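Here you get one chain, nothing else, as structure tokens; it is the form predicted on its own.
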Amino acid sequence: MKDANTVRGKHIKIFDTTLRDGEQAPGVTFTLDDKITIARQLDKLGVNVIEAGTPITSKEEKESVGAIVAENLDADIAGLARVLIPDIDACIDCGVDLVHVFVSTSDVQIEHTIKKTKPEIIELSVEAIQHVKEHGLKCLFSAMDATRTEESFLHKICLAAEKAGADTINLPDTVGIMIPFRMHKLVEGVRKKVKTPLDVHCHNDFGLAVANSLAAVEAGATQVQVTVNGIGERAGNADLAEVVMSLHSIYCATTDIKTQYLVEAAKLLERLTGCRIPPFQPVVGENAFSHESGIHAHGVIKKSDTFEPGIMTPEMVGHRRKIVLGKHTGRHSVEQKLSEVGITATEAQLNEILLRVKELGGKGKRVTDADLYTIAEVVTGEVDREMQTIILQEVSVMTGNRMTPTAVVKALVNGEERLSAQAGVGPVDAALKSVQSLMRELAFITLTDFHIDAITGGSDSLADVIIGIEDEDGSSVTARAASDDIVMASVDALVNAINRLMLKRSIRNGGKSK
């Protein structure tokens, strides 16, 4: 951790290129209003530089950069330009604070793109930087494809840029081929040659953009280029939230970023681009501070840093901690979530609720809070097992094309095992008729109400069924049940209703059922 310790306490600038490199992501296009909204959000976030676009590319692009400049934000507004005077003048016309000039420096790009000699490239770069400085603006110089550039030439052009007056020198990993160790060596090598502040721009082709950016900071870079949600060409760029929170929490460095707005910025970009944030995205993803495992959730409920970094909390980034329900859910998670909404349950009821949640999650269904609350309300509203007249054992349904739906139900009725098979107009009707017939001489049960709701969206939604019944004496009750199987939810609701009705009759008759 020697290199990491050298970063402690240092201030790192954040250069955001969401509006320029981010918009180069396939399928991403921002309207002028979008760009202004994003620029305002970035300024609220506290980035030091907002790269607003490349003015020379079109009239519309130039107007949008000018419009962002007109917002008079606290951040410096940058325009991108090749080492060509017309490109630079287009940026100057927009009133930018900083011109970011770039030129290819790797052999492969020199040969197949600009087709200039290396001395010509240095000359163009020097003239470009001097032109920017003559207009009283800040200048950032980028040696494009620096990580594939021959080392001696990279050092030579960086020295020339420094001598010409560049305020910052950027070392881009343009095609994302670096590993942290090599990135460290590259930046360290340039750092020994020039005194000008160094900047890095890392692409994420191998998922190493953030790691390479941090390695560059360890080696002496004092500015990092990022994008919100890591959007950009191909696999994107270094992610703003990940870079910043790593600098703050792991390296104990400082930035001007107001971290409590990181999630807000991420969700804004998600909405404007249509590019969904993966739930497992670090820092800003929905799962970043979510826990399902019983052991993890129990620990986090007692002390958050048992199963979270501790040095980064959800509140620091504008997030919230969530206890997620599923097949790995533990008792403490269920108890905690129920207590939050004032639902109390006995030990036996809590065990039953947990069992049903696990069964639902085990079928591959995402168990929502609404699912939990419905299950809890059903369980806490059920008659205790020892007071139940009918205890369901088995339900089988047969249906299909040109076949009359038939259901077979097996249950204990006052301790006696009974079996009933009935046909119906559909599987639910057949199953309910079978349950009713099990009661025989005990009670003549009539359905007075049947209502079904889907708790959440999707074909695997939990079905919430409410059933009203009445006996021959006009006594009535209502009960409910929930299941991802509509037939079972309906049968369970009817059984719950019958047990309530029979308990009601028993109490009315002094503890004796008819």
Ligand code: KIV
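Keep in mind that what you see is a predicted model, and the values were worked out from it rather than measured. The first residue of the sequence shown is number 1, and the count goes up from there.
This next part talks about the form predicted together with the ligand, which is not shown.
task: Spot the stretch among 428-436, 128-136, 199-207, 388-396 with residues whose non-hydrogen atoms come within 4.5 Å of the ligand in the predicted bound form.
output: Comparing against the ligand in the predicted bound form, the contact stretch is 199-207.
- prompt: Using heavy atoms and a 4.5 Å limit, would one call Val190 a contact residue for the ligand in the predicted bound form?
  reply: Val190: no, not in contact with the ligand in the predicted bound form.
query: Does any heavy atom of Glu23 come within 4.5 Å of a heavy atom of the ligand in the predicted bound form?
result: So Glu23 does not count as contacting the ligand.
field: Heavy atom of Met144 within 4.5 Å of the ligand in the predicted bound form
entry: Close contact exists here: in the predicted bound form, Met144 approaches the ligand to within 4.5 Å, heavy atoms only.
message: Within 4.5 Å, heavy atoms only: does Ser106 come near the ligand in the predicted bound form?
response: No, Ser106 stays farther than 4.5 Å from the ligand in the predicted bound form.
message: Counting any non-hydrogen atom inside 4.5 Å, which residue from Asn170, Thr149, Ser213, Asn229 sits next to the ligand in the predicted bound form?
response: None of the others qualify; the residue that does is Asn170.
- prompt: Quick one: of Thr174, Thr259, Thr273, Thr255, which gets a non-hydrogen atom within 4.5 angstroms of the ligand in the predicted bound form?
  reply: Comparing distances to the ligand in the predicted bound form, the residue within 4.5 Å is Thr174.
- prompt: Quick one: which residues from 95-130 get a non-hydrogen atom within 4.5 Å of the ligand in the predicted bound form?
  reply: Result: His100, Phe102.
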